[in-house]
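Coming up is one lone chain in structure tokens, specifically the form predicted alone.
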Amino acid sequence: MDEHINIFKALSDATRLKIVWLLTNIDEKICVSEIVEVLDEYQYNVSRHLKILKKANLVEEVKEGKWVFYYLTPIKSEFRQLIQEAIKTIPESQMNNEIHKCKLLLAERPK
């Protein structure tokens, strides 16, 4: 039951929900600086939110050179699958600006 409570607590904040929504819908790893720019948040706040999402096992990180990228934790339970499906139902129209910024940033990444 604690896992379920931690997930709901983690997703109860609008910024954390936006981070998970972005990771769900862009299907890419993203770094803190990209999230900062996309969500127009301070770096400290984004890092704090990512720490909470990691504690709830919603996101994981991987270091590539000097960059740390975040991605969704692979789904291993029916509960997590249902949560992911619920997040996908948030209309894109609620995140148009963020989607546009994110696509531009991803296009600028070195290949």
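All residue numbers are counted from 1 along the displayed sequence. Remember, predicted model here, so these are calculated numbers, not experimental data.
FYI, the form predicted in complex with the DNA isn't displayed, but the following is about it.
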Within 4.5 Å of the DNA in the predicted bound form, do we find a heavy atom from each of D13, R16 and C31?
yes
Report whether the minimum heavy atom distance between K9 and the DNA in the predicted bound form is within 4.5 Å.
yes
For R80, is any heavy atom within 4.5 Å of the DNA in the predicted bound form, or not?
no
Is there a non-hydrogen atom of E61 within 4.5 angstroms of a non-hydrogen atom of the DNA in the predicted bound form?
yes
Does the 4.5 Å heavy atom contact test between L72 and the DNA in the predicted bound form come out positive?
no
Within 42-64, the residues having any heavy atom within 4.5 Å of the DNA in the predicted bound form are Y42, Q43, Y44, N45, S47, R48, H49, K51, I52, E61, K63
